[in-house]
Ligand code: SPV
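Presented below, as structure tokens, is a lone chain in the form predicted on its own.
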């Protein structure tokens, strides 16, 4: 490290930062070390380095670049993402973990010498708004200019925030190396490792480039934040944060948790509403109210099906000049093409698998798509026309509704409101979703994901649920809790159009302000037909028939009971909080009584008769 960069580090007056950096240099053995501050000059250096290194390439539109991950590095690697702990823990769920006495020597041996011939970049970030009690600090060390560039878009630069630590070691630390590269792609994916040390708040990740594995500040930092939140009595959640615009200019702030590729970003981007964040939120109780911030300032979004009809605002932002990183889409003559963008792709180009042409097959004879299903875009929220004016407010915004969603083809209604806070926690705890291309593995498998957060839980499930139950106490303004499902099918066809979600969310906003009555059912409160009929006409210019309502909101009692059987099996043997166990048993009892009286499928109009 030269004297100029050393002075940048010394200015922080933080012994722990110096310790980590010296250790990283000795272990990774880079040829060059560069410290990145908050300056525009340093930001420009990173962007130019990503191009120079071949990690990104410029596209025709000003500010747009393309990054490719390797063919075997296209999603989060669950199998090799593990916690490092000193002793065995009863998680209550299936969690990948390794004892530190085994895991630390293994990962350090893989990382050893990983930056030979490369440049180490040292960066500082704030997870949340600047000058905020909500925000955590993060130190990133990597040999990937793409990772640093992506983080500069997704997070707020935090070099000056580190100065305010006054030497404190209260920050998260991330060490990443893309490993051995060939044609700009990580080659040793068989040695891909993402190890999260829960005791030292540090992460080692190597031999990867896909942001879900390499960008430590995203889902890796999230795991550390969940542990911190549950130890301190606040919430770190897999949630969007948005302003829902109701009557007379009213703005009601919602958070919402959905598993990957289940409509979370598109909900936060509903036309006419404003977005604060689409992925991770920190929630705290402040003066009897729940307030929340977006951890990020950008979006790392799935680009499939982003088109002018369904996601007009994002589509506009992605097709006009501004700073955007595309990943794993097709490039032809400097222009990106992705699945479901609303136009025919060219018959050849460059994609995640190299040169592509129509009809290309892989080694197994399977057709190679022109773009990956999990292809992404990285963009600042401030670039969007619907960015909420309070997006960077260090005090956060008051949350009045929480939404849980999943990909469920045969059971859950489009929207339901919980009966109580505890029932809402139960609803969130029993979220199920069918898997997608966002993670490596088989698609279409139904998985249980409490609070849409299963992949990221870093504390025992009992502790996590108990913290949620306690969080609802002693609140002057208690948020309402909802479940949504945009993927209900009949005879293989979706019962909802994609833009219908606007009606469900606006109905929930009206419920917060006591504008609509609702039907009480065994699984929660559901909308009344006449209200939805008026809302569909106003918001969607669409006739909403009684047949539509019956198809979407009939209670599939048999399917719900099957789900409860699965939940009993999941929670059997886990010493869950008594309040949760009570909600589970009462849910089953209500469903059984309803089945006895009405049968397996119950029209919503039956509940109007009560």
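Numbering follows the first chain given and starts at 1. This one's a predicted model, so the numbers in the text were calculated from it and none came from an experiment.
Beyond the structure shown, there is the form predicted in complex with sulfopyruvate, which is absent from this document and is the topic of what follows.
In the predicted complex, sulfopyruvate stays beyond 4.5 Å of every heavy atom belonging to residue 92.
Although the partner is absent from this view, residue 449 stays clear of sulfopyruvate in the predicted complex, with no non-hydrogen atom inside 4.5 angstroms. Using a 4.5 Å cutoff between non-hydrogen atoms, residue 212 counts as a contact of sulfopyruvate in the predicted complex.
Contact check for residue 157: no non-hydrogen atom falls within 4.5 Å of sulfopyruvate in the predicted complex. Taking a 4.5 Å heavy atom cutoff to sulfopyruvate in the predicted complex, the contact residue among 376, 202, 511, 192 is 376. Interface residue among 171, 300, 507, 83 relative to sulfopyruvate in the predicted complex, by the heavy atom within 4.5 Å criterion: 300. Between 212 to 220, 394 to 402, 365 to 373, 536 to 544, the stretch whose residues reach within 4.5 angstroms of sulfopyruvate in the predicted complex through a non-hydrogen atom is 212 to 220. Residues of 230 to 260 lying near sulfopyruvate in the predicted complex, listed in sequence order, are 238, 260, the criterion being any heavy atom within 4.5 Å.
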